[in-house]
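Only one chain is included here, represented as structure tokens and corresponding to the form predicted alone.
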């Protein structure tokens, strides 16, 4: 048998051989939550578990995962993180604070930590609580024919939870749906303007073993509301952890929502995040993904423009070094006419880091007058860094305007020489060029505390990258194949 065949066989065996760990975790969770979950949620979990267990983890034979080998994830025996595992202090959490945030929910190893959270002075137009508490209050209200307390009115949970994220096409969504313990629930009332961003902090902390968490977030932005949410994934300590997060964001008619994903975990972390966006008529939703940490990271963003005139921006930056693997998968569905979408992702890779951009735009038959653009730009700072980029269009309408393209290059030697000739030493010059490239992502964010927070994280990360970079002669940028497709009638 050839080496390639052996590797494929090993990958397949590894990807399906550790499901017993998840079966044990599922059994424990079902036993614990038998009385706490309503019937509809128990059924949802059961359907999701059957889907995951029947398929196991994807392999590189799956087209959506062809550039990412999950053998290292699949062969690790993760333990389900129990409540109270991992010691985290208020002083440690303070280091992750977002200045200017309106409130903060903190989750430690997948469980809500009220003593570390800050939900003071909430406007009465915002409801926010842990998802587990919201469901508990819904069951209490149902049993007493009453209602939940102000600040956590959970009537929208059953209506929306699990209705958008597709567990049939994505086994990680199925795994999350089966195994989530807790997460955040946000509901922004009709017409409300929440001026300061909401910070959701998910912390992986040392628990003495490799742990897995499955955070679940549900955000309901009612019609004509305005809000911004930061999902922030961090590590305390250097232990191995697996975070498999799913967020469903439902935007009502004419709502304006900005969602920020920040991934800055340690290099032993596995992080898979899925953001499912449902856009109604006239909505304006932006997704900003900033991937700076993690050993193996997969970032899924799946907006469905399901209302006429909806607009969506998908904006991202990923920065990798060492042996980091950062995979970005975008699936944008245009389901209704007169909608527009923009995808802009920039990648910076050094050492032996590997990046992936797989962007797919699907224009359905009824989505006439669609306007969609997709761009991926990448800088490789070493000869061993690698990027796999695959922009893709799938169009079933005949009156659309769609373009896509990708470029790969290096820092231009002439630009570096020019800065050095003006008295700027090489590390600073390199840092300036990297930051200018990254700032394209920042320029697409509205002025806000969230943008200032992200800008500082990027500045620190790029300064560190420039300082650790081995000086080498770099060629001018070389543009890879760039494809365009346009048809307007």
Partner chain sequence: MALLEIQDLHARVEGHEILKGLNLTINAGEVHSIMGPNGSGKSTLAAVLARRETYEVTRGRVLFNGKDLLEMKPEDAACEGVFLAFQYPVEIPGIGNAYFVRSAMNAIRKFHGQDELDAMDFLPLYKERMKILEMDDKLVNRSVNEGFSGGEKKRNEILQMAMLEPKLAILDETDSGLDIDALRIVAKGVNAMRGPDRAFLVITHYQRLLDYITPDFVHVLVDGKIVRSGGPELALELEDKGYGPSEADVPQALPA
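All figures in this text were calculated on a predicted structure; none of them were measured in a lab. Residue numbers count along the first chain shown, from 1.
Separately, the form predicted in complex with the partner chain exists; it is not shown, and the next lines address it.
Judged against the partner chain in the predicted complex with a 4.5 angstroms heavy atom cut-off, the residues 31, 47 and 49 are out of contact without exception. Checking 66, 444, 36, 420 for any heavy atom within 4.5 Å of the partner chain in the predicted complex turns up a single hit: 420. With the partner removed from view, the residue among 70, 462, 454, 433 that has a non-hydrogen atom within 4.5 Å of the partner chain in the predicted complex turns out to be 433. Checking 364-372, 312-320, 407-415, 247-255 against the partner chain in the predicted complex, the stretch whose residues place heavy atoms within 4.5 Å of it is 407-415.
Among heavy atoms of residue 62, none comes within 4.5 Å of the partner chain in the predicted complex. Residues are counted as partner-facing when one of their heavy atoms sits within 4.5 Å of the partner chain in the predicted complex; in 263-287 not one qualifies.
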